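Just one chain follows, in the form predicted alone, and it is written as structure tokens.
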Amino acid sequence: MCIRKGCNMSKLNFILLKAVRWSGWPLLPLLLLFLFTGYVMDGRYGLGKILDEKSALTFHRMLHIPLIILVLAHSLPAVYLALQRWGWIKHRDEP
């Protein structure tokens, strides 16, 4: 699968590939922050000293919706492109 102009990629696949790449970068720090706040609430690894449990719980709860949105925006196009690549879904031809 190429990403340069002039290659044999449909517009839909190009947009989906860009969605996977652009959603992956904000997903990474958001996931790390989600895990960090969870470990702070649990008190593991001495992270409870960095942030109090109530603040960590507040931040953790605020991250649920953005995390779900980014996971869906990242994984659904990636799964579709993978199924195409594996031949389970036929490639769409450009009109």
Ligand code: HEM
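Just count from 1 along the sequence shown to find any residue number. Just so it is clear, the model here is predicted, and its values are computed rather than measured.
Just so you know, the form predicted in complex with the ligand exists too; it's not on screen, but the next bit is about it.
Residue-level contacts in the model of the complex: of Met62, Leu35, Leu28, Ile50, one residue has a heavy atom within 4.5 Å of the ligand, and it is Leu28.
Within this chain, Ala73 is remote from the site of the ligand in the model of the complex, having no heavy atom within 4.5 Å. Residue contact check for Leu17: one or more of its heavy atoms lie within 4.5 Å of the ligand in the model of the complex.
Residue contact with the ligand in the model of the complex: Leu83 places no heavy atom within 4.5 Å of it.
Although the partner is absent here, Leu12 sits far enough away that none of its heavy atoms falls within 4.5 Å of the ligand in the model of the complex.
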